[in-house]
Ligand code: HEC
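Presented as structure tokens, the chain that follows is alone, the form predicted on its own.
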């Protein structure tokens, strides 16, 4: 057999064993779309809009309500905050390193930050804002008109420009200089002894690297882990209304009797995506509890135990890891110490 054919056979043979794992990479330049280049003025405009309550229907919420800088740009709650009298149904994902994400939201329904920004504003159970009215609200503010003129060449305030400015700001929320980055760049002493053992478990016995690799520690895929539903959420009629509403607008015929989160399925309509959710970044993971799409786990110890047990009941993508109590502790220490970057320097803007 020719050498190249032998090599190809070897690669194919090893794929199932390796689990398609990639490799960890230190932080690199932030990707920026050509159609929305970064400028200091646009970033500052986006920061102001991000914290402007005019973006919500009743003027009580802004993007920072669910993505708080003091909470790792999440909100520290099992499920996100909501518009009055309603309840959300999913956990607020961190915006740290969101610039590197290929898919946005837990179900991946948006593929760019520009597209993502408008969803919460329109959502009946989040900011509940009419976008036509929002444009007029922002247009009435002379300071904003001047800034839109500076950034875009004229003072026309549109939802598209609002989302572009917010996206530009969000691309600055980068976790830098984590011990892992320095370790991968050659500083072999930056990890403590337990964190180093945890790193070896992460890339070896723990199999974390099969889904968490690259710069942002994600595989940009969706997986069915059968994370348990929160019993308290299943009892709340407001959450039931939200679940049915989302299923209905995504054309799911059985929305009236739906008693679980279908995940990616509502977007793809592919049965293999039933209860599949996006792989989250692990950057600054210690700052963004609780975990999973529904916030069911309050601590990293619980998350490690979930994966050690082979995931939720009936899942076919995970197997028990058989980690010892010491190994579970070491893995958790690596997640906490090794993946936490330097604090993101942040100054709240003055809203006009």
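Residue numbers count along the first chain shown, from 1. Keep in mind it's a predicted model, so treat the numbers as computed, not measured.
Another form, the form predicted together with heme C, is not on view; read the next lines as being about it.
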Check: Are 82, 116 and 227 jointly within 4.5 Å of heme C in the predicted bound form, each by at least one heavy atom?
Finding: yes
Next item on the list: Would you mind picking the one in 208, 178, 190, 239 that has a heavy atom within 4.5 Å of heme C in the predicted bound form?
Entry: 208
Next item on the list: Report the residue, out of 109, 269, 139, 194, that has at least one non-hydrogen atom within 4.5 angstroms of heme C in the predicted bound form.
Entry: 109
Check: With a 4.5 Å heavy atom cut-off, would you call residue 43 a contact of heme C in the predicted bound form?
Finding: no
Margin query: I'd like to know whether residue 27 contacts heme C in the predicted bound form, with contact meaning heavy atoms within 4.5 angstroms.
Written below: no
Next item on the list: Mark residue 264 yes when one of its heavy atoms lies within 4.5 Å of a heavy atom of heme C in the predicted bound form, and no otherwise.
Entry: no
Check: Applying a 4.5 Å heavy atom distance criterion, does residue 282 contact heme C in the predicted bound form?
Finding: yes
Notebook entry, point to check: Looking at 144-152, 250-258, 82-90, 181-189, which lies within 4.5 angstroms of heme C in the predicted bound form, counting heavy atoms?
Noted result: 82-90
Next item on the list: Go through 132-150 residue by residue and record those having a heavy atom within 4.5 Å of heme C in the predicted bound form; state none if no residue qualifies.
Entry: none
